[in-house]
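Consider the single chain below, provided in structure tokens and representing the form predicted alone.
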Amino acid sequence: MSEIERYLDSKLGEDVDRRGFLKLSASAAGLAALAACGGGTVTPGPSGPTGAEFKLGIVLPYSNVYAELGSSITNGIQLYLNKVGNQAGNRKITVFKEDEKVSTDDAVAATKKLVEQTSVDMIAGYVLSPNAVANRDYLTSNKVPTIIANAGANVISRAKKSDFIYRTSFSNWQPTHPMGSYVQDKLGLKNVLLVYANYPAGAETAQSFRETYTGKFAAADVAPPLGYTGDWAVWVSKITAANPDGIYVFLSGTDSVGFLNKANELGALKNIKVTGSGFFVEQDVLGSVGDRAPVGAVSGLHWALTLDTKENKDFVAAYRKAYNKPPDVFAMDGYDTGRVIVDALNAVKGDTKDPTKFLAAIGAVSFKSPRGDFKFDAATHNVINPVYIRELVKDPQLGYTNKVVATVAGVADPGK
């Protein structure tokens, strides 16, 4: 009996409805065509990865002050996973998302849900520094491989470094540390006012600036609460009253938008040099403030849309095609996070039963990133970043964006 005859014989005894009959006819026709072409015995092959599903849990904010950041990081991760067909190490990668929101309670609950109910193989994400720190002990005690894709809490690379946690983004110390001396020596600012969101990341950024800026500070720091929804005139007026040569700002997301809108309305920045951590004038913010963007602002960050490298041009083009808008630094961090996961899974051939080996593979990942050379520091599990000093311009093709004017290579968190 031929293969076709055996197939039909096995099926004809079954009750077959119209849809089943059509499928049966198509299957038989396919088998006949293969036989006619000399295919001989037909052996169905796998159409995708055959290993166990790899469950990736993502904890990022999809609401409140940092919702745009969460969306960008997720887009970046998914862009890279799509590039490799959502598989690595012969395993299909499936993403499960939970909302980090703002509070540590929400972030902890989201993490536990993914670990205890969804049984994820790995966690990635976290935007807020307190949320990354709050989940550190739980993730470590449960031996969950984790990649922090944004939160910059210094302690994660220092006293609370974990064998189970790597960071693909930055420490709060990194983007700002070179900026203090640049603001003083290159820009000549002798009387600066610090403006930052009043939470741990803001305080750590301010301290990093103080380590390299030795000029005078115009007045007490201006530190609005994170996610401020009141009248920004209250905080902008403090800048006007201090009359500094310049300001150094660490705000992000809707905080940056609210501040810049009000400062523009009141004309508060006309005679003040604007500097800051690059998040303050990153693409997500510029897209929201439009012509209220502080052209000429100088900022430090580990990426810029305008970086003239093949890796960055390819990334920017792919992101625009996928999402119909330019990427920001958060999308880039997400993209690199996706690559680290894929490269590590391929390195262990999908075998993550021993987390120690999988984590070692993560630590060994290195590649040419849209940001430049990507490599982890073995001493801190934090990525070693270039810091690009950028000037905000209005580009004829790109609109408001940041042009690189100087580069500080290989900035590694000190680990203490």
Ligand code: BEZ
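Remember, predicted model here, so these are calculated numbers, not experimental data. Just count from 1 along the sequence shown to find any residue number.
What comes next is about the form predicted in complex with the named molecule, which is not displayed.
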{"property": "Exercise: residue 149 in contact with the named molecule in the model of the complex, heavy atom 4.5 Å", "result": "no"}
{"property": "4.5 angstroms heavy atom contact with the named molecule in the model of the complex for residue 77", "result": "no"}
{"property": "Heavy atom of residue 129 within 4.5 Å of the named molecule in the model of the complex", "result": "yes"}
{"property": "is_contact(residue 170, the named molecule) in the model of the complex, heavy atom dist at most 4.5 Å", "result": "yes"}
{"property": "Heavy atom of each of 66, 199 and 252 within 4.5 Å of the named molecule in the model of the complex", "result": "yes"}
{"property": "315, 166, 279, 259 - the one with a heavy atom within 4.5 Å of the named molecule in the model of the complex", "result": "279"}
{"property": "Listed range touching the named molecule, judged in the model of the complex by heavy atoms within 4.5 Å, from 306-314, 107-115, 80-88, 121-129", "result": "121-129"}
